[in-house]
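Given as structure tokens, the chain that follows is alone and in the form predicted on its own.
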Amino acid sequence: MIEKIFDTLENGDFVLSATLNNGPYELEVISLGATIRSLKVPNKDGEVEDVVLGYDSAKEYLENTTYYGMCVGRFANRIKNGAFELEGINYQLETNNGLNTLHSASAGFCFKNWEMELQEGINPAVKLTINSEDGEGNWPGNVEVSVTYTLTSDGRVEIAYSAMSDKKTLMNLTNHSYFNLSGNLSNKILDEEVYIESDCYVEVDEELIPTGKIIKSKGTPFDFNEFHTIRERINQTPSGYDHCFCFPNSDGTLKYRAEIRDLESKRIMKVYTTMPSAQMYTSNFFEAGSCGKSNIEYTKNGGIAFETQYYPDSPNHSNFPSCVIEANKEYAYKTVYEFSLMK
């Protein structure tokens, strides 16, 4: 394990970088946003390449609208009109996505510089922690949050989230990594094949805000119960995939839920989670000419995100799984990204 300074913020604070190595796998996490900046895994020929999008400076992460690899919260995804009610109190959040709030706007945990602690062992890990005060971003409750990334020798990136509040509040954390299993981050992901264990999805309006309806996916472009490339049906969606896929039999235990495979590199990524859904986003809104690490130009549909989470706008829909956490009761969940090769 290696810890070093990644960059320096305007206030003089250091953004730290931790690099975990295990077998042929390498994971780099930076303290700003508890962000996965780099993830290197082997292809069919044994070549170890980076498979996640990211930036080379703190400034780019702070000014971004793409959330490459960042830990998003208090509430990932969208909240309609930035408003919700909890215990009879109406809360108004900052809006940053039209009239709506996306990823908690400027109060998002992704813009905080987290404390970092390396954890040595057979499977190296890094634990990151922050505190968020009651009223920050107009959210209720003083909250302590941690996320721990563990890298195993068999290609598993395990992400464990934990939070505790002194008031009833909302909590919906996720990691916003964009994966490109080709290992060439200037490629599109349209020919990558996807499987999702889901028979329904959350219907959204033209602003990508849930209508409250859960729609059966069989026979639609949202049915991934068999492998399909993204290219096959993306043009049958309004602007590309940016939808919440609901998982069956969600009981809080870790389950296999999705898989991506790249036929050229032969890389496979399996997704396991304890959460009831995941937002699949196919980078539909990347701006032309946008550059990331090593000045590589990232293109529209250049990465695919699987954001394991509660449903978007869930505090405003009683029929959605609840994202409310009670005072002094731990919020905890786990997601695993497991890498291997096609046989």
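Numbers follow the displayed sequence, beginning with 1. Please read all numbers here as calculations on a predicted model, not as lab measurements.
Omitted from view is the form predicted in complex with a small molecule, to which the following refers.
Here the marked residues 102, 178 and 285 all reach the small molecule in the model of the complex, each with a heavy atom within 4.5 angstroms. Taking the partner from the other structure, the small molecule in the model of the complex has no heavy atom within 4.5 Å of any heavy atom of residue 55.
The small molecule is not drawn, but in the model of the complex it has a heavy atom within 4.5 Å of residue 307.
For residue 257, no non-hydrogen atom is located within 4.5 Å of the small molecule in the model of the complex, even though that partner is not displayed. Although the partner is absent here, residue 277 sits far enough away that none of its heavy atoms falls within 4.5 Å of the small molecule in the model of the complex. Only one of 35 to 43, 313 to 321, 277 to 285, 293 to 301 places residue heavy atoms within 4.5 angstroms of the small molecule in the model of the complex, namely 277 to 285.
Residue 242 is the only one of 223, 197, 242, 193 with a heavy atom lying within 4.5 Å of the small molecule in the model of the complex. Note on the partner interface in the model of the complex: the residue among 208, 185, 145, 202 having a heavy atom within 4.5 angstroms of the small molecule is 208.
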